[in-house]
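Here you get one chain, nothing else, as structure tokens; it is the form predicted on its own.
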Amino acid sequence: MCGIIGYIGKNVESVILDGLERLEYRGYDSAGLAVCRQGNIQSFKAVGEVSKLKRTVKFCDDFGIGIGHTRWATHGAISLENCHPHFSQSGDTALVHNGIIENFEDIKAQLSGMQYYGQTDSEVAAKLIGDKLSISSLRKMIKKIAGSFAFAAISKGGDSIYFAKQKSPLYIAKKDDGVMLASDPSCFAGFSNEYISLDDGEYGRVSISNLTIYDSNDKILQKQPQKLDFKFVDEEKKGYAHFMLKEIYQSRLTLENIIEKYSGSQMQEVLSQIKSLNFDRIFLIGCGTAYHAALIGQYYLRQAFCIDIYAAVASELQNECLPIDESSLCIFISQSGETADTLAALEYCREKGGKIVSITNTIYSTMAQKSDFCLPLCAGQEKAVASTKAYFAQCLILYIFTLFLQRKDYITSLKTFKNQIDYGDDFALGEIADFISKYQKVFFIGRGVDLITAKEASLKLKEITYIFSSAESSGELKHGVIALVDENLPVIVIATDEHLFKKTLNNAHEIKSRGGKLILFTTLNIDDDTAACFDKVIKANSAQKPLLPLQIIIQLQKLAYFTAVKLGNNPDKPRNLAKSVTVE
């Protein structure tokens, strides 16, 4: 989940640091860079965010060659020793790596006489490539490695960056006075209006004067650049304390963007082409928050059609023996479009003959490129690690998809919902955040679609507050889970379905009788006697039934945010997490 960048040109340190800040969503355990000028390599490293690295760097505006890295730790502790770039035995070659080398211990055992200063798998690659960096040494290295990688390497006295790609994203942009490589084309905004996308198995070298790319059979390729349809917006918080809160409040803007995009003829044509495909079952596939969106999509589609609809966790898809074949429509959901588990599931479904649709916020991503059709989220940049407006958008796109298949108007209902969105009462939500911040565990319960909302709300809370949180079906409490209920357990009850409310209320009474603290989030009108059963009640505006989960989740996202802030956590960059999960 790391991010790598390489640059040849003037002001190398500044350009690389700017790129690392754009890539920091991929990991912020540590950051480092190495720059070669006048035959010498100078490196800078720091544990923590890129801002800490920036304070250590000595800037120079002279021409140079450099590579940089922002790390999400997989192998080895978070330490300076394990911070990239890594070096060959003599230090003449510097290398950065995104991915996982699965056989690094075997390679390490074969490399006799080497001295290692850290515990990462990546350092093995630096030792393996050796002190004399060349296409030959690069080729030998990657042919010995099993796993995933995007490499960039430089050497003393060299004029090139050497690169290789396998299952981790890597892109190149080149112009007359500069060259850039990066894990994300967003780094190229302001530098070039076109880029080259590398495919798995490709490797090569690039200098100011030359670019050579080889395929997996060691044949030289001629690749055409793609237009960079991306305008980098250096988002500021603009009065908000954190990006997460700002992005929650951008839900309405996201909806406006979706209405505009999906009213147009281009997306109408894409939806029509998907609808015309021959399929008799639908799979909705994602990880984490995207999986919860898949569950919402399953709810929408099952309400509308009497065909097989499955929501599946991407990392488990290949273990479940699901009936995926030429008659399957496989819809993959990912904010970044680079989620490794989701990409692996996509390849599996393609091999089975499935028709591939992606729902992503990043239309230039690997997932979008490997799909037959792409449905964009239109959410704009999402900087906070915990997804908020992107989840909101994912559910809306699945709502649009369902209504389009039914030949129903979705634009009118979305315009109505735009005016119904309820961001809640910050004071009331802050009081509840103060209340639950005093406890070590929290439960969320719900029935039907409210259970899906409970799952997503629970994930948000645990992601950024580090409070143990669990989502449970209300009806399953008495089948074991109620043993955990006591006076030290706040339970958040989610209720938007009037037909299920009485049963949910009965479950709430079961919790209350055992000392549990009850907090109700609802869109229903309840009387005073019912409200008295709860310690706290949050009432959100009503809306059309299919969109009630989105009305409630906004308020629960804010609850998680306020709780994290109360506990002194940075909700934008929670510990151990990264925005884009690019390793399995």
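These numbers come from a predicted model, not from an experiment. From 1 onward, residues are counted along the sequence shown.
This next part talks about the form predicted in complex with a small molecule, which is not shown.
- Although the partner is absent from this view, A386 contacts the small molecule in the predicted complex, with a non-hydrogen atom inside 4.5 angstroms.
- Put simply, I142 is far from the small molecule in the predicted complex: not one heavy atom of it is within 4.5 Å.
- Under a 4.5 angstroms non-hydrogen atom cutoff, the small molecule in the predicted complex lacks I445 among its neighbouring residues.
- Proximity of G288 to the small molecule in the predicted complex falls within the 4.5 Å heavy atom cutoff.
- Candidate site formed by T254, D422 and A543: none of these residues places a non-hydrogen atom within 4.5 angstroms of the small molecule in the predicted complex.
- With the partner omitted from this view, the residue of A189, I196, A73, L459 that lies near the small molecule in the predicted complex is L459 [heavy atom within 4.5 Å].
- Proximity to the small molecule in the predicted complex, taken as a non-hydrogen atom within 4.5 angstroms, holds for one residue of S336, T93, S469, T120, which is S336.
- With the partner left out here, the small molecule still marks one of 489-497, 125-133, 459-467, 302-310 in the predicted complex; by a 4.5 Å heavy atom cut-off that stretch is 459-467.
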